[in-house]
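This document opens with one chain alone, in structure tokens, the form predicted alone.
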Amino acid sequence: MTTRRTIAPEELDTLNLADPRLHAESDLSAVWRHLREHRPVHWNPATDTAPGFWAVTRHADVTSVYRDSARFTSEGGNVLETLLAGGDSAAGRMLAITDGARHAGLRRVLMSAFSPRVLEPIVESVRRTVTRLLGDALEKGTCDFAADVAAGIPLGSICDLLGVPDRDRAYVLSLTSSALGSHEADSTAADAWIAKNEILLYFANLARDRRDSGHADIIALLAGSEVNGLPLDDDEIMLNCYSLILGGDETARLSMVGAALALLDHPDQWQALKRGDAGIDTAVEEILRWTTPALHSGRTATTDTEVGGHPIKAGEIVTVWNASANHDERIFDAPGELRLDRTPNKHVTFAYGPHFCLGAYLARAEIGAVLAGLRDLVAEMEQTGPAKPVYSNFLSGPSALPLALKAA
């Protein structure tokens, strides 16, 4: 990455964990370590424009919050951006911010589209896409791994599942990049708001076109399904498509680019992968832990309760930091080392409990295809310029990674 400033624990009380620049431009490893050890449930104070919130940093406490949707609800929002703004208008209608019986019913409908059997042709398509994109990059000799390779993989899969026409995909990609984070430090909340609304409008139109159309995609599946005996309306279809496209594109893409950067930074692990000393399946899990593309998730306490012995009041915002939990020394041996053969690997990159990531199987297949492609097709990688970070308090990873590649 471009040089990141290491933040010392002594600076903790001056930090605002909701600041996108902090995560993009700083190395918070020492801060997370200090919090896990000394202040595992940390209060991030209110600012002039936003309320304060709890930051939960130990793996055991993170999983306990994830597991308990009765005491810690997603329906007030599940990321800092919406939680600090007072909630999310899609609560109770979009899977990620719905709890209880409705969440279970909606998840059941969507799970049928994400089973390994249904995804088999999509995964085959992913492998062909990786081979083609890496082949193009090798032929040129140089690439921006983020834009030229990784950007074309997860979005293609989700667009296949949603039935998004080829002609619209570059447009949808540009919107997803702006909606959750930005490649630029000076982007505004208004830019993200506009991008989100453009995505919603796009899927509202697509959902209207797909009703009774005979298409075999997720939009048609949602249009023909009932949850708790009631059909889904166009708004619910639109909101869940929006959630799937954002959840399925950015995080997997950032993990893929992060994987290439990790292999460059750890040549011993790159060679272990190439020799076959580390298998693809365990390598995928370690890349997911190492890159942690979704820094946090958020909940709202529904009642006076506690986390790890720390009292939490009803209505308070509770954020769980995957970025810290995935480096918890209580769970992982030498968490600061990249070990592609690490097992077991109890990372929380896909969350945990009732909101465990719906697309985990597909994301693993996509990252695995990229790792296998690098192993089999690329002899040498060299970084030719600085990696640029994404600016977000939710997403983490390189938005640009210039490389020179030599074919195997």
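As the structure is a computational prediction, the values presented were derived from the model and not from experiment. Sequential numbering from 1, following the sequence displayed.
As for the form predicted in complex with a small molecule, it is not shown, yet the points below apply to it.
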Exercise. Given the small molecule in the predicted bound form, answer whether the residues A137, F145 and K406 all have a heavy atom inside 4.5 Å of it.
Key: no
Self-check item: Contact test in the predicted bound form: P354 vs the small molecule, heavy atoms, 4.5 Å
Solution: yes
Exercise. Determine whether any heavy atom of L28 comes within 4.5 Å of a heavy atom of the small molecule in the predicted bound form, and answer yes or no.
Key: no
Quiz item: Hey, in the predicted bound form, does L133 get a heavy atom within 4.5 angstroms of the small molecule?
Solution: no
Quiz item: Can any non-hydrogen atom of R210 be found within 4.5 angstroms of the small molecule in the predicted bound form?
Solution: no
Exercise. Taking 4.5 Å between heavy atoms as the contact cutoff, choose which of A259, V307, V149, A96 touches the small molecule in the predicted bound form.
Key: A96
Practice problem: Using heavy atoms only and a 4.5 Å cut-off, determine which of I219, L288, L83, L239 is in contact with the small molecule in the predicted bound form. | Solution: L288
Practice problem: Tell me the stretch among 378-386, 53-61, 357-365, 40-48 that has any heavy atom within 4.5 angstroms of the small molecule in the predicted bound form. | Solution: 357-365
